[in-house]
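Starting off, we have a lone chain in the form predicted alone, written out as structure tokens.
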């Protein structure tokens, strides 16, 4: 079943401006969104930039890697690992982040907003 909510896409930056496996931060109103482009895998992820454990907007500065087969970002503060696809914290499953639709449209990175 298709979603009835239309997605509005907002341009963030050019894909060529992002270094693979290095996060960037985009400001969307009051929210900060961390975006990670894994170019070799052709995967783009967008999650909240706010680390609820460390209580700071820092996740775009985290280290991206693979932990037990899951693509994660490690918070630069207390080193919790957040799954980039689901937003779930691996060390504290009751903690999770919001994930945003994101895409590369003809070399332009766009975030999807309802």
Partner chain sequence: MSNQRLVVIGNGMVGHKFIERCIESGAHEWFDISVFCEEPRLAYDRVGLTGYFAGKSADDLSLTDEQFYKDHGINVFIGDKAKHIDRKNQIVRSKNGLELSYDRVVLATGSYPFVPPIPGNDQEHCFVYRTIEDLDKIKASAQGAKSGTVIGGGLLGLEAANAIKQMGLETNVVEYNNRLMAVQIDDGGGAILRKKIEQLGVGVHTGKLTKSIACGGEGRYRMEFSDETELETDLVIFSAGIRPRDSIARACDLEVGERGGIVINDYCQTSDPNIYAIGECALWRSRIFGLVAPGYDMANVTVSHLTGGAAMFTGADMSTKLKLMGVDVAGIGDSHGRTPDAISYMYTDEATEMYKKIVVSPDKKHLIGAVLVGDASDYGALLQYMQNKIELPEHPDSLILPQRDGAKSGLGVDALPDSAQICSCHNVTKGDLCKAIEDGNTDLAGLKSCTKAGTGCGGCATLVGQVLNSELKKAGVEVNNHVCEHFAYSRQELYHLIRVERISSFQELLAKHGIGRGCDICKPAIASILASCWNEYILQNDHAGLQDTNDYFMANMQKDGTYSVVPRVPGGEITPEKLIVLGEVAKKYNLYTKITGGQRIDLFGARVDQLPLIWRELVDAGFESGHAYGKSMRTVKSCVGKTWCRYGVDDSTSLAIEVEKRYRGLRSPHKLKLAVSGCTRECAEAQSKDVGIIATENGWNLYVAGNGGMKPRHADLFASDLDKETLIKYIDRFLMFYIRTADRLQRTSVWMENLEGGLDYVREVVIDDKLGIAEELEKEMAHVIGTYECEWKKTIEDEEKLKRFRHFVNSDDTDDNVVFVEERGQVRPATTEEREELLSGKKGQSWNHS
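For clarity, every value in this text was computed on a predicted model and none was experimentally measured. Numbering follows the first chain given and starts at 1.
This protein has a second form, the form predicted together with the partner chain, left out of what is shown; the following refers to that one.
Enquirer: In the predicted bound form, is there a heavy atom of the partner chain that lies within 4.5 Å of any heavy atom of residue 56, even though the partner is absent here?
Expert: Yes, contact at 4.5 Å.
Enquirer: Can you check whether residue 76 is within 4.5 Å of the partner chain in the predicted bound form, heavy atom basis?
Expert: Because a heavy atom of residue 76 falls inside 4.5 Å of the partner chain in the predicted bound form, the answer is yes.
Enquirer: Answer yes if any heavy atom of residue 15 is within 4.5 Å of a heavy atom of the partner chain in the predicted bound form; otherwise answer no.
Expert: Looking in the predicted bound form, residue contacts with the partner chain do not include residue 15, since no heavy atom lies within 4.5 Å.
Enquirer: Taking any heavy atom pair closer than or equal to 4.5 Å as contact, tell me whether residue 21 reaches the partner chain in the predicted bound form.
Expert: Yes.
Enquirer: Which residues within 25-55 place at least one heavy atom within 4.5 Å of the partner chain in the predicted bound form?
Expert: The stretch touches the partner through 25, 26, 27, 32, 38, 41, 49, 50, 54, 55.
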